[in-house]
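Heads up, the chain shows up twice below as structure tokens, two forms, tagged structure 1 and structure 2.
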Structure 1
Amino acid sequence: MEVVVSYLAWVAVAVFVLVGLYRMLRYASLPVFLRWELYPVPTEPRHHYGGSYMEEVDFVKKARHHTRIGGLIDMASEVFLLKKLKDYNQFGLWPFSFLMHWGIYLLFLWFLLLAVEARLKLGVFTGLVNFLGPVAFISGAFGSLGLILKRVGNDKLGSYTTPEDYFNLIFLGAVFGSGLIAWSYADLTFDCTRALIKQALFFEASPLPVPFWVWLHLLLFELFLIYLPFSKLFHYAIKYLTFDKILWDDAFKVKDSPLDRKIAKQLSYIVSWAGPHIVPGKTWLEEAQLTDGGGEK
């Protein structure tokens, strides 16, 4: 089984990266949409009160100032603190979600450090790795379990939660839970985990016997990596699109700009809606230019 786990590690990382990229590109290639920004836009210098450049007379003639840092701070407060969930969620999801998310971050960091440690033969990470692992497992397991119980125990949340949502949480819980058991039951010093990681990285047989819970944990983590970009859990990457590319996209159109050219192309798409006011077979631009307003009603 260790061999399967070793080879699967490469597959898992490849799927995680490539499918993730593919999905982002698929979304990015969807047509340019109408402006739909929502204030406060944190890349605006006036974001502290929700203001925008449109507060200025003749804004078109004035220089635009964007503060990338504002966007980064906002994004960071979402990623690391889950600020909106903390400030606005009324179901008490934040503490559990916070723990679960930090469990995931630390788990990724833990695996990364294990790989770096093995690859570069660095011993300096040993203490950190031995500390991070259990923290990630406990935090993640507690968080996932809490979220499951919250959803099961609350009618309002429960009636919206699909089996798929429960599966995601249970899967996460299983990754963390198996790690916790592997650590406490079979691998307190993570020596066996290190051996397995080495085996995966260098394709050499592990010098130590790898206990069931250790390879099971790794296997689950690998399967989770594969599953992640296909699932709703991919929202960690999607947020870049929903925030940065939609809610914060406040650019007005400039004639002959790349945006203008894209829109021109889309205005040549054919409208095939069947409403009585729509004249069949026309492009978007032609529909808009019907001076009598098109079809009857």
Structure 2
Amino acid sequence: MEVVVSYLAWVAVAVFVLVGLYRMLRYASLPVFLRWELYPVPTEPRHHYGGSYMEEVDFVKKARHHTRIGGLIDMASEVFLLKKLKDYNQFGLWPFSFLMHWGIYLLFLWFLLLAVEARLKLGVFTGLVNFLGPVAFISGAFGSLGLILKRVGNDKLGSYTTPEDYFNLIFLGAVFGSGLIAWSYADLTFDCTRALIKQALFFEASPLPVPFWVWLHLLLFELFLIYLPFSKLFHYAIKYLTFDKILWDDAFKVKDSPLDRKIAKQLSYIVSWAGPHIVPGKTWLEEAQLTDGGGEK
């Protein structure tokens, strides 16, 4: 089984990277997103009071100034602190979601450090690796379990929790839980984990016997890595497009600009979906101009 885990590690990394890149390029090439343009926009210098460059007289004739640092700070607060979930913490999900997300971040960092440590034969990361592993396992397991119980215990929240949501949380809980058991029960110093990581990297037989829980944990992490880019958990990679292209993009459209030509092209597409309000054979523009009765607005 250890040999399977070793080969699967390369497959998992390849699938994670290639499918992730494909989906990112796919999303980036989709038709122009429906922009929200809700203020305040953090890249706007007047964002502290919800202002806009459009407040200026003849703003179309003036150079526009962005503050990219403001956008980066806002995006970082969302990624690392889950700020919006904290501000609108209607069901009390924030502390558990915060722990689960940081469990994921630390778990990936932990595996990365283990690989670097094995590849470069460095011992400087040993203390950090031995600290990060248990923190990631405990944080992630507690957060995943808490989110499951929140959904099960609240009818309103449970009503729009899909089976996939439960599966994702149980899967994550299994990854973190197996890591916690492997560490506390069989590999307190992570020596066996290091041996298995080294075996996966160099296809060398492990000098140490690898306990069941250690290779099971690595196997579950590899399967999770393969599953990740295919699931809704991939939202982490779409955050840039969500923020920069949907929430914050308030640039005005200039006639005959690349954006103008792209929108004009999209408006000529034939609607390819059906619905009671859709007249077959019409373009996007014609559909938008129709009333409910099928006549012109």
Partner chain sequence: MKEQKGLAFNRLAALTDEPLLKLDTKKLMPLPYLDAEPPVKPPPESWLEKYDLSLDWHSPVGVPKPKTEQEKAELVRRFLSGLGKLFDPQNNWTFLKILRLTTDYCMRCQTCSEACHVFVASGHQEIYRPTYRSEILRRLYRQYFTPSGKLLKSLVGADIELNYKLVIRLMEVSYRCNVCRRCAQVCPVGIDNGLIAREIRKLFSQEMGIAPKELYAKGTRQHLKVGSSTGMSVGGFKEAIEFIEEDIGDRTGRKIKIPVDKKGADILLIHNAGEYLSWPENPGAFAVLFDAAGIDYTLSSEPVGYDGVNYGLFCDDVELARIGLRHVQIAKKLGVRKIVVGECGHATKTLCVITDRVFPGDLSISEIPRESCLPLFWEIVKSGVIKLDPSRNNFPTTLHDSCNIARLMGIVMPQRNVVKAICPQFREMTPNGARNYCCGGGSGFAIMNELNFPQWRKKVSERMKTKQILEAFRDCLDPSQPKYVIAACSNCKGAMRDLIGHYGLWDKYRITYGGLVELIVNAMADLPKPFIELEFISNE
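Since the model is a prediction, treat every value here as computed from it, not as a measurement. In this text, rigid core is short for the largest set of C-alphas that superpose within 1.5 Å between two forms. Here, a residue number simply tells you its place in the sequence of structure 1, counted from 1.
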Inset, instruction - Mind telling me which structure is the form predicted alone? - result: 2
Legend entry - Core-aligned CA displacement of residue 18 at least 2 Å between the two structures: no
Legend entry - Rigid-core-fitted C-alpha displacement of residue 277 between the two structures (angstrom): 11.6
Inset, instruction - Would you mind giving the Cα movement of residue 253 between the two structures in Å, after fitting on the rigid core? - result: 2.5
